[in-house]
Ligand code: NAP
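Just one chain is shown here, as structure tokens, and it is the form predicted on its own.
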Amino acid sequence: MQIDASSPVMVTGATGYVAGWIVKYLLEAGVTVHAPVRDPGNADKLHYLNRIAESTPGTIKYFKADLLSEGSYADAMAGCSIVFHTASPFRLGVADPQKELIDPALLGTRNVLEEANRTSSVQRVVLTSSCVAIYGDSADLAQTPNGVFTEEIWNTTSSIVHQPYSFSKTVAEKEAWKIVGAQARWRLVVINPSLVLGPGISPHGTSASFDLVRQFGDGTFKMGVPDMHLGAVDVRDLSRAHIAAAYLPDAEGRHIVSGHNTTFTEMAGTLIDKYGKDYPIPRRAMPKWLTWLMAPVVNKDITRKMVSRNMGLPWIADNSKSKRALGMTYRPLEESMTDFFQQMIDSGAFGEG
């Protein structure tokens, strides 16, 4: 795939888990990346990106911006042909879903896309949405036309009180389609990833993915994992999908970017041979009734409704459009999990092990 390095691109959330790899691949291709960040003077936060920029032909330029501040992306977006909007919090345990999840997702998307309307150089916006804008719970699979999640389906079961993260991603993506539909100059291409796995540009990521995989090795799940079925995709594959969505001339619409229909048990199982002697890797799934009983006691953010509508129920998504339209291939689940877990060991996430 040919990458046009002649004009700059903007990447929101550039210090984030997914965006870090997008920025890396763009810099390696010689692109000038405009990175709007809260504090361009925070050397610690920008350390990993700066280190990549030093050894690649591309250039990174930082701009001060705030996701919730209207007009704050104007300087960063000026002259850019492509905008990657990846910035949106992925946290499951929140005190105020409206303030911590929905406002940043919805208002942030609105601010970025309305700035694209005002910036004549922008030709395409690539939005990081999620598979949870397609479904709210695994139970929703039973309502799909052919027993599989596809790009034509929308999440109708999440709300501010049930699966608020999923709700935030759904309302944000709907807002994006509404804004793009009111103009005709730039194109919107949407990426809908499943659970993102694999090593980060920084080993100290704040994404919930880090928390989950860390629990496979710190003893949290030593008695067994919840019988959760889900999709998973490697962060490096996902980042390549974003770049294909940006530069392939015919890319359009939504794309389920998910390498594997899997389970927590299968994910943990990929680690047993290599790490099972030294770390308490879970080897079985907990019974649903036990998860239902204990979940709210152990973690108030996991409700019994969530357990009922997800545990033990299949999750099947069709990723064929991503392969056909974006040229995607997906690396093995074991590679993603092993690389991720090894990074955690190397960065001291488990102490002495």
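Predicted, not measured: the structure shown is a model, and the values here were computed from it. From 1 onward, residues are counted along the sequence shown.
Absent from the display: the form predicted in complex with the named molecule. The rest refers to it.
Interface residue remark: D318 is not counted as part of the site for the named molecule in the predicted complex, having no heavy atom within 4.5 Å.
At a distance threshold of 4.5 angstroms between non-hydrogen atoms, K288 is out of contact with the named molecule in the predicted complex. Taking the partner from elsewhere, K45 is found to have a heavy atom lying within 4.5 Å of the named molecule in the predicted complex. With a 4.5 Å cutoff on heavy atoms, Y330 does not count as touching the named molecule in the predicted complex; it lies far away. Just one of L67, L326, V307, A35 comes within 4.5 Å of the named molecule in the predicted complex, counting any heavy atom, and that one is L67. Though the named molecule is absent from this view, in the predicted complex it lies within 4.5 Å of a heavy atom of just one residue from L195, V213, M228, L113, which is L195.
Only one segment in the set 127-135, 220-228, 279-287, 176-184 has residues whose heavy atoms sit within 4.5 Å of the named molecule in the predicted complex; it is 127-135.
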